[in-house]
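Two forms of the same protein chain are encoded below as structure tokens; each is given separately, as structure 1 and structure 2.
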Structure 1
Amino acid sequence: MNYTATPRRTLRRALKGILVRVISLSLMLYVLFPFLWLVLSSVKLPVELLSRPPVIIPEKLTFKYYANLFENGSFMTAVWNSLIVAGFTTLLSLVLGVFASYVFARLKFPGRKAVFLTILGSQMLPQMALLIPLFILMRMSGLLYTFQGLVLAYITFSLPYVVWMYYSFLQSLPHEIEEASRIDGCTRLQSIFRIMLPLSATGLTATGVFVFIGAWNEFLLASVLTDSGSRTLPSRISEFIGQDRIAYELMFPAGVISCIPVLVLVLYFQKYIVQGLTEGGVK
């Protein structure tokens, strides 16, 4: 009997466990380092932000620039504008996307597949390609520099994503469940609200969270289709980069503040996001 086999196997298993933990920790630090650097830099003094070699841990914490931002009316207006635009974009995209997805998933009509593929294909278009046409359309319709115009522009990109995601969830639901509800007397609309939506709530929630994050972080359209009164947070933060100087001491706290709504949203709906992505992955 080989008595050295068991210790060797135990040692190999222990080394494998250590290696996995080291790799996992390294990846976690790699992913989190930019955010940690952002948070640490937001409480540094300007002299430490530009020092060489870089100062990782600040010697003295300062929250003065957070206070300056909260007292800055245009910055807080931009935060409020971003909440309005991202909220309405998410709400309208989900409402329209649910009905559009249901039509493609459940109804049969000529050209259904072609129209569905066209909608999905529109998601592949880069924003830059539609920037000038959207600008002209918004100016002609009087929606330029308004919340409504920016929300409409965002919906053109988020709606195909919602249709694509929710269509997959609807396809996974058995047709027999909806047919049973129709036999029991439900109309098609009642079947959607009483049967389909509750059964696909996790997928719809995950989709809504990603739409909100996309609208919250969007910069290119917001920088062109808004003015000083309707400016959203990403474009307002970019204004800290001036011709004379870059206000690093304000950009870092502003970056942290811009992360807070997204972090709260993701942490609050974490269970639904994981479950929704898992269900989507299984399909």
Structure 2
Amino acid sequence: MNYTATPRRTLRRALKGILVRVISLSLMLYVLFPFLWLVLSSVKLPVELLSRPPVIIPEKLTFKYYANLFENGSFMTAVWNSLIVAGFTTLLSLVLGVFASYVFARLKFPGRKAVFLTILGSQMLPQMALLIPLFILMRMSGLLYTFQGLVLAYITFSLPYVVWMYYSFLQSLPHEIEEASRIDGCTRLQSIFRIMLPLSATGLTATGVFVFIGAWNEFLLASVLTDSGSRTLPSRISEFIGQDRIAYELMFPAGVISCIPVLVLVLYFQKYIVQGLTEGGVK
């Protein structure tokens, strides 16, 4: 054994360990800090919130403004609206998307590739280009400022997404069990509902989570296609910014509240979300 080299080797290993920890910690800080700062800011009293230099750790935590928000009618309406819109968008695009994905994953038919590309391609169009005609068409048909209108606009983007993502989940599922069930006398619909759906439950859930998060977070379409009665959470929060006095103490709790469902979903379904993100080349 080389005795002289041992201390040096130990030192080198220790240095390497420190370096790894420093890099790792700074990465975590980079990823986490903005959100941590928002959460911290949401429980500060205005004295500490609006101070210079900023107070890092508040002496006194307050949940007063969270409570204020829960009593704020228009805010709670927006939470409710967001739930309705995101919920129905998810439900409808899953129901329609399941059939479409099934078709692409299991059936061979003329025009398959062209139809598939059409559906996927429609998702690549920029939302801005669709928003202007949608605004006018919805205004003419009376859908403007209604939940139905907004859900319809969201489905435009979520449906192709569901088709793509659920399709890639279905492809990784063996056909044989479905085929066996068909031979045993199941109808096509029975084999979809009794065999395919239960087997792909995780894929379906992951797809649903993606759609829900997307609809819950959406701002551009909501800012144009809703009014004060049908405002969703993101467009309601953006209004806090525009008010005559910037209501920081309400804005930050509102922001945190709007994150809670998404963070719960992301942390709970992490594994499937990662799988979905890496499998489909779509955000």
Partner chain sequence: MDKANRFLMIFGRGREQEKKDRGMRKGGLLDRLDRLSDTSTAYLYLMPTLTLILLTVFVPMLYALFISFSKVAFTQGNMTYDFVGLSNYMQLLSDARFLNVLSNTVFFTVTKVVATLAIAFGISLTIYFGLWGAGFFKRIFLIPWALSNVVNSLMWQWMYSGDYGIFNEVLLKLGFIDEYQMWLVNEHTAMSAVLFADIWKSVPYVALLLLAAMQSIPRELHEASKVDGGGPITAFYHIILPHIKPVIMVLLVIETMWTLRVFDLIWLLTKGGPQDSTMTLNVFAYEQAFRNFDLGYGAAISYCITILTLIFTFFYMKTLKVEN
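Just so we're on the same page, rigid core means the largest C-alpha set that superposes within 1.5 Å between forms. None of these values were measured; they are calculated from a predicted model. Structure 1's sequence is the ruler for residue numbers, which start at 1.
Could you let me know which number goes with the form predicted alone?
Of the two, structure 1 is the form predicted alone.
Compare the position of the CA of Gly229 between the two structures after a rigid core fit and state whether the shift reaches 2 Å.
After core superposition, the C-alpha of Gly229 moves less than 2 Å between the two structures.
Any CA movement of 2 Å or more for Leu40 between the two structures, core superposed?
The answer is no; the displacement is under 2 Å.
Please state whether Val256 has a C-alpha shift of 2 Å or more between the two structures, with the rigid core used for the fit.
Result for Val256: no, shift under 2 Å.
Any chance you could measure the C-alpha shift of Ser26 between the two structures with the core superposed, in Å?
Here Ser26 registers a C-alpha shift of 2.6 Å.
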